[in-house]
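First comes one chain, alone, set out as structure tokens in the form predicted on its own.
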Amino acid sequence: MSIETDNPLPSKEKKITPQPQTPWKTSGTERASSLIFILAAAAASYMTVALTPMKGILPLTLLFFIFAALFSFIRGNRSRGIVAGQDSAAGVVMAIGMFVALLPIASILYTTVSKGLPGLHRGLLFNDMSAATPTDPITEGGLSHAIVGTFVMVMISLAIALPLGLLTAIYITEIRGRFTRPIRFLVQAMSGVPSIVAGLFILSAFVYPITKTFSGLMGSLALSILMIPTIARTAEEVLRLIPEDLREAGLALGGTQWRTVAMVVVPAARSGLVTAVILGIARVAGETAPILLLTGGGDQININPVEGAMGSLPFYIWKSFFFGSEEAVARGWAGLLVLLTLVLILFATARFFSTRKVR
């Protein structure tokens, strides 16, 4: 016979609530230790510069990195062994490489912005230089003709280079005929062709024997020569990322090869191909040598690419620096700032499309 009670005996076991663990996060002790080693490296580098003939920011920076790598190795070796010390030192070396790579870029951006801002004014983007000269006050004239000319020439060169570059990439990745290797070699060789060579080719092949005049169309032809390898090589790498299963599925459903490429492969690589186009535009937007040889560099807005000189941002910048006066140099830096801003926008757009998830 069992005896039931209304109040059972309380259990002596306690509930243990699991706490989330984050071993990858740096603890407060480790952060303090890192700060101490950074301060020690800074002090050691400063004392070395102060007590030796080495003077200046460059020796101070180099010594700081050297002492930081050395102290990081000692710290890791004492706490976790020689392997951890080597890993810590390697991390410092990689940080040094990143700093050295970013330093020129930061310097270029800082110089362009600091010297280009004084040349900006209200009518810069809406006026042309038809009624002003580079030596006039900075508030007179503008670069609207240069922006319009650059846009016209880049669009014409894109209309020429996009189908040629895309078809070249499709032939190399999809058709894979007997000319695949020679075409790939030529595309790679064209990537290294100096821009002045493209300009001289158009000058000797079209301007002197046929048109005998400068125009935006001749500049567009030279820019298309420079744009084709960029689009072709980028599109080739993008098409190689498409899984073979998609191609096999299209063929298994009864589609021909060209229908599979046009309706399956190319749409699947759409975002990457857009990136290739934007990179091609950014590649030629700032080219100067062929523009100087072929366009004539007009000072007023001209949207007719086959008649009359056509201005552009590279020509505007070169002409402003050529005059050399204070106002002209300010115009040149302002034009350089506008061109750099446009190129950065293009690269940011390419980055956005390359990382966007296709739903």
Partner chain sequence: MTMSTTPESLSAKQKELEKKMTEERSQSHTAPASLASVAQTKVSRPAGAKRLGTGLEARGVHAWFGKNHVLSDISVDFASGTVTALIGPSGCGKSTFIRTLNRMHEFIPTAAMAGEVLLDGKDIYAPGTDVTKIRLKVGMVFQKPNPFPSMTIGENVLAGLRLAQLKSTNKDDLVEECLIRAGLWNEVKDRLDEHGGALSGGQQQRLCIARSLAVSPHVLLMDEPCSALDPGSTLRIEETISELAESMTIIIVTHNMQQAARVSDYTAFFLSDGGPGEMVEYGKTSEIFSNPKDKRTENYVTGRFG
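Computed from a predicted model, the values in this text were never measured in an experiment. Residue numbers count along the first chain shown, from 1.
If you look for the form predicted together with its partner chain, you will not find it shown, but the lines that follow are about it.
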Only one of 150-158, 247-255, 212-220, 123-131 gets a heavy atom within 4.5 Å of its partner chain in the model of the complex; which is it?
-> 247-255
Touches its partner chain in the model of the complex: Pro267 (any heavy atom, 4.5 Å) = yes
Contact of Arg259 with its partner chain in the model of the complex (heavy atom, 4.5 Å) | yes
Does at least one non-hydrogen atom of Met263 fall within 4.5 angstroms of its partner chain in the model of the complex?
-> yes
